[in-house]
Each structure stands twice: as structure tokens, then as C-alpha cells.
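Single chain ahead, by itself, as C-alpha cells, in the form predicted alone.
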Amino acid sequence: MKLYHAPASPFVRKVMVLLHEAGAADRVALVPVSGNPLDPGTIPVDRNPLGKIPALEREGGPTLYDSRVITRYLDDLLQAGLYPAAPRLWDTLVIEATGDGIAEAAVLMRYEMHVRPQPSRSPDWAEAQWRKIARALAALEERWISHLSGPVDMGQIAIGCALGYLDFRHADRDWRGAHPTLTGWFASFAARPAMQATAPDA
């Protein structure tokens, strides 16, 4: 299998954390790519027409894309157990969607203020994305700590990767200030070997 990959992407990181947690990082070849909404660059649009990563090329079937599709596929293939049985599954999926939503809003902020040409940039639009993130962080602090503190699953991985991306690209926002319990959880989760091995550095 081949994973079209950029280490700064929180969505790519989700897939990589799953592979490390499953002890299967060596089963997927990484193909470095780069691009953005204005210029897909080397992202394989012939395999993912949406021009996004991650994309997983596999034998015997079409390329998979969208991180949640890829993680479900790999979890099943590797029998990783990161999607638990119902009823816990539904909470896991909601938390994963929350993490992905935080990451998406944070990436859109990055694109707005660093990729879009200067005359077209909208700080108000970027702030609207941050408000989504703030609401999601508040929900995690208030409702989901007990789940996050349970057995490791893809919900936790998605939140860990999203919070890592906030540190990486939006450290000036100090998301920790109003979320002490989530901060404590993340400090522990970020120390996992799979998180350490996949931390972006550029």
C-alpha cells in the first residue's frame, strides 16, 4: 500500500498514528506530496479528484480517500480495534468527527491567512473558523473527558492530532487557557510513542 503523505497534515497524522498503534507502520510506503486549494501541486488528483490528502493506494481496489474512510479500512484490515463495538462506537465516531472538525477549521484558517492572496484575505472569516474550534474545545472539556480517558480509540487519536495541529500552526491562540482538564489529558496522550513518532516538525 502507498499513502500519499505530508507530515504537517493532521489528517495524514491520524492515519500514521493508527499505523503506529497497530505496529504496522512498515506495511505502508509513504509518498511525499504537497499542494493546497489554489494549486494541487503533486497531490495525485488522478487518484483523489478532490485534491486532498491522505489518499491510500491499495491493491485490488480504488484508492481510498478521506481520513475517516482510510482509518476504518486500516482498522479492519489490521484488526487494530480502534473502533469499538456499539454502543461505545457512537461516542467514538462523534469524538472523531469533532477532532476532524477542529482540524478542518484550523487548516482553513491557515489557508486563509497564508495561502489566499493578501487582498482577498478575510480575518473575520478566519475568526469564524476559530469560533467553531472554541465551541468544540468547550464541548470536549464539558462532556467528553471520561471517554477520552478510556481505552485508546480513533476518537482520541483524532482529538490528539487536532490539538497537536493547533500547537503547530496556531500556538498564539493559547487553546489551553480555558480548558485545563483537556490540557492535562493531551499532555498524557501526546506522550504516547505513536504521537511522538508522528509529530510534525516543519
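Small disclaimer: the values here were computed from a predicted structure and weren't measured. Quick note: we count residues from 1 along the sequence shown, nothing fancier.
Below, we turn to the form predicted together with a small molecule, even though it does not appear here.
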| Applying a 4.5 Å heavy atom distance criterion, does A199 contact the small molecule in the predicted complex? | no
Contact between H147 and the small molecule in the predicted complex at 4.5 Å, heavy atoms? no
- prompt: With a 4.5 Å heavy atom cut-off, would you call R72 a contact of the small molecule in the predicted complex?
  reply: no
Worksheet item: Does the small molecule get within 4.5 angstroms of any non-hydrogen atom of Y111 in the predicted complex?
Response: yes
May I ask whether P10, V107 and R169 all come within 4.5 angstroms of the small molecule in the predicted complex, judged by heavy atoms?
yes
Given 133 to 141, 161 to 169, 55 to 63, 147 to 155, the stretch touching the small molecule in the predicted complex at heavy atoms within 4.5 Å is 161 to 169
